[in-house]
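Quick setup: one chain, the form predicted alone, written in structure tokens, and binding and motion questions come after.
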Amino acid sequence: MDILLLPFQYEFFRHGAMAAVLVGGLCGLIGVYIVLRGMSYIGHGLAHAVFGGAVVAFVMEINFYVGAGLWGFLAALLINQTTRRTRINADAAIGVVTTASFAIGVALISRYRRFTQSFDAALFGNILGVSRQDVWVIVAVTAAVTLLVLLLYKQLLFTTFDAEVAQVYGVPVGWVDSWFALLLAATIIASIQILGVTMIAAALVIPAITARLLTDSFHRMMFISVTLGAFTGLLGIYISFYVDVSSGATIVLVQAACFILALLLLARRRAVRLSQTHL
């Protein structure tokens, strides 16, 4: 029992565990809408855009969350408005804006060679970098995003399943999409310290896809996705402590294992149904 409780003796691990649970649940919540909207690529893209903002903030010596937050929000709005006001498809707009932002970050890193382990953490995640301030920021973002999802619940649900019909019924689809882009950007900014830029997209998608395999109900899908995200966040951070692997990679690998288990369960259910029909 002592060896199981050993990690919780360290303050950095307690901070990391709290952050991982909150981030996992938050990614599970937003991930449901991303999967149902067919927007898996935007999570990957915005994560790279936020990285560019983080590097700019480092160079200008301003607060990480202020710099990355403003950059991420502007990138999300730019993608949304470019898609709505031009004939450019969403995937093309995401590719241009986010790749350019990431390129700015890479260019600054090559110019100002003052980047150390902190940006390895930004790329791959690292529980050692989670401070008390980071935990409070994640708590605030999680609360704000959850509140806004509840307030916009009907509009988000309507636009997710049929945006054209929602617009006919008077739902301001453009505003709802803009708010959703901002919620996604906030989620990515809160998650970057735990998951890292390279792993955020997977953490947004895998719990939601796993939940989709297990149920056809939207409400159950959301509950399963949030619960799975929080659980894998805690388990992943726990495993990363013992095997000395980046927290982001470990969390995603645990989520992938859950996805494989869900696939096996689904295959078994189908086999049972087929055997019953032949009897």
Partner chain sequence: MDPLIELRAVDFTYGGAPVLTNINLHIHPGQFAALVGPSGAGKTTLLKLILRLLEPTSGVYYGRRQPPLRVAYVPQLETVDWNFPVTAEEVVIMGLTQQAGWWPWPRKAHRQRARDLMERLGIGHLAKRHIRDLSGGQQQRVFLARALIAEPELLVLDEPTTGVDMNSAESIFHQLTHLNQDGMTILLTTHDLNMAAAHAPWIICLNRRIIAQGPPDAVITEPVMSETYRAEMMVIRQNGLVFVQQKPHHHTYREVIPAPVPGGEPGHDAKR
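Positions refer to the first chain, counted from 1. From a predicted model like this one, the values you see are computed outputs, not experimental measurements.
The same protein also exists as the form predicted together with its partner chain; that form is not shown, yet it is the one meant from here on.
Going by a heavy atom distance of 4.5 Å, is residue 228 a contact of its partner chain in the predicted complex?
No, residue 228 stays farther than 4.5 Å from its partner chain in the predicted complex.
Examine residue 73 and determine whether its closest non-hydrogen atom to its partner chain in the predicted complex is within 4.5 angstroms.
No, residue 73 sits far enough from its partner chain in the predicted complex that none of its heavy atoms falls within 4.5 Å.
Given that its partner chain is not shown alongside this chain, does residue 218 nevertheless sit within 4.5 Å of it in the predicted complex, heavy atom to heavy atom?
Judged by the heavy-atom cut-off of 4.5 Å, residue 218 is in contact with its partner chain in the predicted complex.
Can you work out whether residue 111 and its partner chain are in contact in the predicted complex, taking contact to mean some heavy atom pair no more than 4.5 Å apart?
Result no; residue 111 lies far from its partner chain in the predicted complex.
What stretch, of 143 to 151, 98 to 106, 186 to 194, 76 to 84, brings heavy atoms to within 4.5 Å of its partner chain in the predicted complex?
The contacting stretch is 143 to 151.
Pick from 36, 253, 245, 56: which residue has any heavy atom within 4.5 angstroms of its partner chain in the predicted complex?
Result of the distance check: 36.
Quick one: of 178, 155, 198, 131, which gets a non-hydrogen atom within 4.5 angstroms of its partner chain in the predicted complex?
Exactly one residue meets the criterion: 155.
Going by heavy atoms, what in 149 to 171 lies within 4.5 angstroms of its partner chain in the predicted complex?
Going through 149 to 171 in order - heavy atoms within 4.5 Å of its partner chain in the predicted complex - the hits are 150, 151, 153, 154, 155, 157, 158, 160, 161, 162, 164, 165, 167, 168, 169, 170, 171.
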